[in-house]
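The form predicted on its own is given below as one chain in structure tokens.
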């Protein structure tokens, strides 16, 4: 029996199969057309075919959708790319409201995303953050309408608590397929708040956003002495050295080694770093390695 935790190269997201390193477009809006194309092509070249964006990404004076428009430009210029990717986008964040998940708004947001993305369907459509003033009946109404109309293939949630996810699922006659929480070696709440448990119970693909803690878990970072980052980086550095990889690879591998974590979303703007990120899939983590990282994050041994 091997001591290494299994890290498969692909995972399921509803009816789709995608590489477990996903590419996120949070900072994509500032790309030139050539830069945007290079990033998407770099991701696809290493099997990172799950592309995650949102209507709010690139929000500013022109309004919504700057990142979607940039991605849409890539897809329009190379129509063959559309069928190579699993396309995820999100709706519901509307500064300064700050959230609006009324049925009419979600439907309008999806239509805007389709236009900007130069496509006729969204593979997976997520509610970006829970709108506490929108009833689950109304959110379900919008998702049901969009799915029946063929504008979205599947639906999911981002930043929802397990109870909120369950409540929305109770109003739908089709299964949600995604839960997208913040999850990293320094943000381990999903392990204890029920998020990873519910993902396994309902068969949700868990897409971890900020798996590198916003750039705090990469080579060259040390963290403030005594901080959670410093403790975790020290352990990740040992794992990285043993595997001949960078700290970022070890940090991504730690997330992906959890049985609920289907995907880790990276957001680097460097094509070389995008291609290099898949080295995380070859990291050999033992059970002791994994728990050592968690203990460093907790600041104490497991009970």
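These numbers were taken from a predicted model, which means no experiment stands behind them. Residue numbers count along the first chain shown, from 1.
Beyond what is shown, the protein has a form predicted in complex with a small molecule; the following relates to that form.
- Per the 4.5 Å heavy atom criterion, the small molecule in the predicted complex is contacted by stretch 269 to 277, the sole one of 269 to 277, 234 to 242, 40 to 48, 66 to 74.
- Within 4.5 Å of the small molecule in the predicted complex, a heavy atom is found for every one of 27, 129 and 212.
- Exactly one listed residue, out of 165, 109, 180, 101, brings a non-hydrogen atom to within 4.5 Å of the small molecule in the predicted complex: 180.
- Interface residue among 228, 218, 198, 152 relative to the small molecule in the predicted complex, by the heavy atom within 4.5 Å criterion: 218.
- For residue 263, no non-hydrogen atom is located within 4.5 Å of the small molecule in the predicted complex, even though that partner is not displayed.
- Although the partner is absent here, residue 158 sits close enough that one of its heavy atoms falls within 4.5 Å of the small molecule in the predicted complex.
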